[in-house]
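Only one chain comes next, encoded as structure tokens, the form predicted alone.
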């Protein structure tokens, strides 16, 4: 990096951080007005959120547990968005990754212990990528809206998981499949907590995507196509190939989130695996302004917000849906600032 480029990059990062912080403050203020209207002291509510999110080792560990799959779904969204495509299907791709991880995790083919986890990781990535390849092909060959197709495929993925849980992979009356083999368990990073090695996978994926986007020919092509598809075609780029690979790669990243939930948290496929990690990933991607490294920071912040909201509900009786209000306000503010930036 040149001496001229470094200060420019630092200034851009500072302005991005200031803008993001400003949007958060505005959304919290607006949500505080909602709390006031219902007779709740917003300052007390926010103090309870902070205490519940950061007040103990267990709380911090749960922040990380929530943030881990969100980082991966956010990276999935970022990769597709940077190529000019809307991936609303990260939740479905997560489910396909989880299904593949569980199917391999049963280890019916008697893989040696050291090979089971790598097989589950690869299987989850490939399953998520294959699920994302369907809307990619429909978009590139037939002009179908990837927004509608990926959104519909989310419901198909949940339906498939529900069928497997209640059918071929059922385990008694428990709304979950049978357990995977112990060799498929991810190791814990902090003893006594649910923080597991998939956090390292998520961090490595964020660093890897940042490197690919900024330092490789493929990343340059993705950014060029996302910025101006006509210029990319004029420059001789194989636009359809790059867009297909981007969308498939995005699905693979979301599939890794499903792998982590299976191998690191549940050790089976439960009913209701994802509380909306894919949709939260969209919020994180937008807040991070499509930067993979900032997505890690934002995912942790939203993880703390979601974990802290549980303590707020217990202490004050405030519904956890307040978090959804804050996230919705953030999306509206982000879209508003983007619109203003384009007009200036």
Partner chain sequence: MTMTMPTALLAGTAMLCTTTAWAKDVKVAFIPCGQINDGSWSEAGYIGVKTAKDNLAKAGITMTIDSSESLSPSQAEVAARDYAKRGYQTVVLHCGTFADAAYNAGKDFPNTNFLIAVAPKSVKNVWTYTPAMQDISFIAGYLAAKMSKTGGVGVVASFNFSNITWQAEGFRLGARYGKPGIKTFSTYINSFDDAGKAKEAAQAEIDAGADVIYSATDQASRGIYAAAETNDALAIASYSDQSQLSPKTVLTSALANIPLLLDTMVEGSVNGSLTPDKPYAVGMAGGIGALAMNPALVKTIPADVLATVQTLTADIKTGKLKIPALSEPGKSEQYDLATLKAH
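If you're wondering where the values come from, they're calculated on a predicted model, not measured in any experiment. Residue numbers count along the first chain shown, from 1.
The following text describes the form predicted together with its partner chain, which does not appear among the structures shown.
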| item | value |
| --- | --- |
| 84, 216 and 238 each touching its partner chain in the predicted complex (heavy atom, 4.5 Å) | no |
| Any non-hydrogen atom of residue 313 within 4.5 angstroms of its partner chain in the predicted complex | yes |
| Contact of residue 106 with its partner chain in the predicted complex (heavy atom, 4.5 Å) | no |
| Partner contact for residue 123 in the predicted complex: its partner chain, 4.5 angstroms, heavy atom | no |
| Contact of residue 224 with its partner chain in the predicted complex (heavy atom, 4.5 Å) | no |
| Heavy atom within 4.5 Å of its partner chain in the predicted complex - residue from 232, 201, 248, 165 | 165 |
| Interface stretch in the predicted complex with its partner chain - options 269-277, 208-216, 248-256, 111-119, non-hydrogen atom within 4.5 Å | 269-277 |
| Its partner chain in the predicted complex - contacting residues of 141-177, heavy atom within 4.5 Å | 159, 162, 165, 166, 167, 172, 173, 174, 175 |
